[in-house]
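Here's a solo chain for you in structure tokens, the form predicted on its own.
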């Protein structure tokens, strides 16, 4: 299949999903509900008479952490349901941009999707906490315990619900890593440095605090942006840097352990609320099962991809010292106030809860 034909097919599929969500979807759902009620083939707790399809849209390409999560989710759900539920996975580019995927979930055209803070914070400011630097622990066992807790989940639930979304899971994808054509060891090294960021206002403020010139750019344009010197560097997890070949046009890879890339798995709230009891049970159990799985998988992916970068290029890897990291930590602190101003009292409560839980868990694990 040629690229234009494949692109046209993806466009037609996305357009049809949007149309279904905006018009015919509701009518069909009513017909199906009436038919099921009449025949008795589906009740609140019964299983579907025919296979049900759940569509799962990703912000990343095949071979990514999100792809690994979605494939394991598909395997678990289809096994648990005995094939009564089928999961279709749509990698990045199949249905649209990240913000468009969220819209498809909101209007019910797609049942499940990943939604990262880089774009979601514009409508749910509270989720911008995950774009703040030096909030999470260096110990992922601590992060897993905190981010999968009911206490944190319950704080995010109301703002997600307000947007017609159900928060299913908070998913880590690894430490964010800087790439550049020079070492970046101090905030002074960022002076006049055009750093590609996502559209998150918190990320923009963070790199301004470091002295950089933040330059938002679509993910698909980053490679050419680096190649053409439209930007000087970018920040992403290692697996993304390798799979998108950013390292081919950058000389240095800098590990500051300043922030992790965190995404969230969402569904349409109305769809989730109306799921038959057994289907919701399968969904919730699968979500809980995948918490430990994805922490292990993202570490595996990022370690493997870092080794591939080392084996296939002359890219120099720099890991900042504790003293160097402290300079960036200090520079990043004022941005927390910006976050609180945007996210309000609930945002402050979320930030205070996460930072205090991280500190308590770290102390507990050291004993």
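Numbering follows the first chain given and starts at 1. Everything numeric in this text was worked out from a predicted model, so none of it was measured.
Note that the form predicted in complex with a small molecule isn't included here; everything after this is about it.
**Student:** Can you say which of 182 to 190, 276 to 284, 80 to 88, 229 to 237 gets within 4.5 Å of the small molecule in the model of the complex, counting heavy atoms only?
**Tutor:** Looking at the partner contacts, the answer comes out as 229 to 237.
**Student:** Within 4.5 Å of the small molecule in the model of the complex, heavy atoms considered, which of 160, 134, 261, 272?
**Tutor:** Looking at the other structure, the residue within range turns out to be 261.
**Student:** Within 4.5 Å, heavy atoms only, which of 143, 94, 116, 109 is in contact with the small molecule in the model of the complex?
**Tutor:** So the residue touching the small molecule in the model of the complex, by this definition, is 116.
**Student:** Does the small molecule, in the model of the complex, lie within 4.5 angstroms of each residue among 173, 198 and 219, using heavy atoms as the measure?
**Tutor:** All of them do, each having a heavy atom within 4.5 Å of the partner.
**Student:** I'd like to know if residue 268 sits close to the small molecule in the model of the complex, meaning any non-hydrogen atom pair within 4.5 angstroms.
**Tutor:** Because no heavy atom of residue 268 falls inside 4.5 Å of the small molecule in the model of the complex, the answer is no.
**Student:** Does any heavy atom of residue 298 come within 4.5 Å of a heavy atom of the small molecule in the model of the complex?
**Tutor:** No.
**Student:** Tell me, yes or no, whether residue 250 is in contact with the small molecule in the model of the complex, where a contact means a heavy atom of each within 4.5 Å.
**Tutor:** Answer no; every heavy atom of residue 250 is more than 4.5 Å from the small molecule in the model of the complex.
**Student:** Using a 4.5 angstroms cut-off on non-hydrogen atoms, would residue 204 count as touching the small molecule in the model of the complex?
**Tutor:** Outside the cut-off, so no.
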